[in-house]
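Just one chain follows, in the form predicted alone, and it is written as structure tokens.
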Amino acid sequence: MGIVGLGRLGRQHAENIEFRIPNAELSAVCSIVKSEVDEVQSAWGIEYGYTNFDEMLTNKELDAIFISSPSGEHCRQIEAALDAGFHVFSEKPLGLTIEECILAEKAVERHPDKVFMLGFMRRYDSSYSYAKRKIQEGAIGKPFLIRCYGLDPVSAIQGAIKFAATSGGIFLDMAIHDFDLARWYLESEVRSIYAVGGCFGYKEFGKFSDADNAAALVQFKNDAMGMFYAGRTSAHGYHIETEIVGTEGALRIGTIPVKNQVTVFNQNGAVLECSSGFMERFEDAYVNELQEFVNCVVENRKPSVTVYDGTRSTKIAYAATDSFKHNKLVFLD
């Protein structure tokens, strides 16, 4: 495999490929920052290093490309890698515009012999996949409501501000994972969405028509309901919480975002420490999704997460952004 993008998450993906996936080998790394390429090559003994993505695609020793570059590059690089004959894994979001997503769909359709997978890693988290199985078993009857919290720690706010110009907005950047989970759990597409939000603590997001906290109310085509809250100012840490309510019960995941099973007893009382960020909370999920991609390539089968999941979740995020910006109810086709 070759990987493009060696930022914080890309570096973790590269490490997973090299050290945690037994039937995969990291053979090439690519970044426009040459020092990142040099550092990884030197530290891990990676044979090939590139600062030009298209040049990496000429390397015929590679079987697959992992895309962890900035979001605006995803669709172009997906298309180029597939057209060059590689299997492709791409981080979310699929693209920053619906037009980009459609181009990616067409590229995947042109190459039915290649494996394409999108990084909706929460589906591969043990708790979230267990909840899916419980729903399929009928443990809570028919699901009719989903409630999702996606909160980043305020300690990471400066990075979010720096990224705001190219993030696509809070719904595309953060809530897209929750939109994907909602579609997955409820097995329905969105009919309408109404979103609100604001810059309650950090006015810097306003110049990008973005928010530091926002919420959306969604109705699905099967009449199920969804409530989504995305925030960038969580004081207690990284908080990902999901509740699915059915006619015969409910499931809750991550109600208290505990770091581990340790309770600290001190002058503050009995304290459960919280996760510090997404890489800590979903460390195993990132490995599991990558292992599934590699297994699909080796076993010549397709993953359950498709390019169309990326497009549909992007459409929901864009509708939420449109609703937030113009204070209106938005209906999806």
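The first residue of the shown sequence is 1; numbering continues from there. Because the structure is a prediction, the values reported are computed rather than measured.
Missing here is the form predicted together with a small molecule; even so, the following discussion is about that form.
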I need the one stretch from 255-263, 188-196, 100-108, 72-80 whose residues put non-hydrogen atoms within 4.5 angstroms of the small molecule in the model of the complex. 72-80
Out of G119, P143, G150, G95, which one falls within 4.5 Å of the small molecule in the model of the complex, going by heavy atoms? G119
E36, E283, D63, E292: which sits within 4.5 Å of the small molecule in the model of the complex by any heavy atom? E36
When the small molecule is placed as it is in the model of the complex, are D125, F171 and T311 each within 4.5 Å of it, taking any non-hydrogen atom of the residue? no
Does the small molecule get within 4.5 angstroms of any non-hydrogen atom of M1 in the model of the complex? no
So, in the model of the complex, is I32 in contact with the small molecule at a 4.5 angstroms heavy atom limit? yes
If you check in the model of the complex, is F200 within 4.5 Å of the small molecule, heavy atoms only? no
Quick one: does F163 come within 4.5 Å of the small molecule in the model of the complex, counting heavy atoms only? yes
